[in-house]
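Before any questions on how it binds or moves, here is one chain, the form predicted alone, in structure tokens.
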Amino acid sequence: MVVRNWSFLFALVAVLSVAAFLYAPFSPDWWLPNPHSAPGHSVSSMGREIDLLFIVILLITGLVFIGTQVALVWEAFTFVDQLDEQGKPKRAASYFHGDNRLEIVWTLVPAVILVFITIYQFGTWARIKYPSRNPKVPPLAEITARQFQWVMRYPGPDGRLHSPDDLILINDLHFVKNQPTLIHLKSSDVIHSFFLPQFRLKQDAVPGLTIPVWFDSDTAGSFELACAELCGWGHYKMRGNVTVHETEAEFAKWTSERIGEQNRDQLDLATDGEAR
């Protein structure tokens, strides 16, 4: 009967796991789902769709977990070995090759769940990833990943990329609240991954490709840009700042100031060179 006590341990672990699962959404450190005031809440329209997908998957896996744990505890409690006075099992073990019907069921059920998830998420995936769904706006910037930084190239006053008045910054992404933002993502060396956690956006930067990526934000403020692909010994350095401006005028003022600083820095370099 000592063996039967294991079933109570299994039951306790399962109950604690489910309790933690149910408590998590009410914890201030939990990121999904969460109110607007929570530090990890999604600030993009696509992010809320992705959060909903996570919730659906969590519910499915949670229900499957509860069902499997109930079956495990019941089996451990009901079919524990019972010994006679000589210490021999009272019930002889029986062996069989398999159960085709059972194998079909436990193959078919996960397959149906996976097909449902695939169909359910297809619209969100298409809206975020298909180039044909990208907003019809000029690119805000060209972002090139390299070991180990993000190089941001913004168009200057002429509004065109790769012209002499371009603004070039390192690890500093700026755009405007409530406006669809399109960037061109590139890599100059290895595979990197452009990751905006609060926007639920992740896209690999692949050498030789220019990948259009779009996102938006309904909240002004400061956020984080990270690389989600192990890209070398300095991978930890690839952290960037993301600033969402409240208005277009605020963004234009910031751009003008930075272009002025860039031109002044170039003039100082030229002056130093002539002095030498």
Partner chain sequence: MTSQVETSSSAPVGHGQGDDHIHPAPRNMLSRYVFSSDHKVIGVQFLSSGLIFFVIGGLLAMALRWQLAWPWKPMPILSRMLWSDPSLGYQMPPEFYAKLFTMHGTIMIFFVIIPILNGGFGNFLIPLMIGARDMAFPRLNMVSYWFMPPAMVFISYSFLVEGGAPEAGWTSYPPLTIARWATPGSLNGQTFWLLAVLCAGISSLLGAINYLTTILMLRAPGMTMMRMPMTVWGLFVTAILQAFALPVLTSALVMQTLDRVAGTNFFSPTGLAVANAPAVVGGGGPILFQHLFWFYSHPAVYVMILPGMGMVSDIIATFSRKPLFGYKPMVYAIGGIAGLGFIVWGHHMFQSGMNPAVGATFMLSTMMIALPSAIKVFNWLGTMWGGRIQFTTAMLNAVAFVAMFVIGGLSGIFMAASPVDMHIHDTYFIVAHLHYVLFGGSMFAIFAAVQYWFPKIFGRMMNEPLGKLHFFLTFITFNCTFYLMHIVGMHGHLRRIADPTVYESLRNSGVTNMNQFMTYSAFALGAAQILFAMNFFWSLAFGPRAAANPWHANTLEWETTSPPAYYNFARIPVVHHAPYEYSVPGLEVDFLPQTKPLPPAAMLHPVNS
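The term rigid core refers to the maximal set of C-alpha atoms that superpose within 1.5 Å between the two forms. Everything numeric here is computed off the predicted structure, so don't read it as measured data. Numbering follows the first chain given and starts at 1.
What comes next is about the form predicted in complex with the partner chain, which is not displayed.
Engineer: Give a yes/no on whether Lys202 approaches the partner chain to within 4.5 Å in the predicted bound form, heavy atoms considered.
Structural biologist: Answer yes; at least one heavy atom of Lys202 falls within 4.5 Å of the partner chain in the predicted bound form.
Engineer: Is Glu224 part of the interface with the partner chain in the predicted bound form - any heavy atom within 4.5 Å?
Structural biologist: Close contact exists here: in the predicted bound form, Glu224 approaches the partner chain to within 4.5 Å, heavy atoms only.
Engineer: According to a 4.5 angstroms non-hydrogen atom cut-off, is Pro212 in contact with the partner chain in the predicted bound form?
Structural biologist: Although the partner chain is absent here, Pro212 would stay clear of it in the predicted bound form, with no heavy atoms inside 4.5 Å.
Engineer: Is there a non-hydrogen atom of Ile117 within 4.5 angstroms of a non-hydrogen atom of the partner chain in the predicted bound form?
Structural biologist: Ile117: yes, in contact with the partner chain in the predicted bound form.
Engineer: Can all three of Phe65, Trp74 and Leu230 be found with a heavy atom no more than 4.5 Å from the partner chain in the predicted bound form?
Structural biologist: Every residue of the spot touches the partner chain in the predicted bound form.
Engineer: Taking 4.5 Å between heavy atoms as the contact cutoff, choose which of Gln69, Ser45, Thr247, Thr243 touches the partner chain in the predicted bound form.
Structural biologist: The option sitting close enough to the partner is Gln69.
Engineer: Judged by heavy atom distances of 4.5 Å or less, which residues of 109-124 approach the partner chain in the predicted bound form?
Structural biologist: Result: Pro110, Ala111, Leu114, Val115, Ile117, Thr118, Gln121, Phe122, Thr124.
Engineer: Compare the position of the CA of Trp254 between this form and the one not shown after a rigid core fit and state whether the shift reaches 2 Å.
Structural biologist: No, shifts by less than 2 Å.
Engineer: Answer yes if the CA of Val112 moves 2 Å or more between this form and the one not shown after aligning the rigid core, and no otherwise.
Structural biologist: Comparing the forms between this form and the one not shown, which are aligned on their rigid core, Val112 does shift its C-alpha by 2 Å or more.
Engineer: Can we say the CA of Lys88 moves by at least 2 Å between this form and the one not shown when the core is superposed?
Structural biologist: Yes: Lys88 shifts by at least 2 Å between this form and the one not shown.
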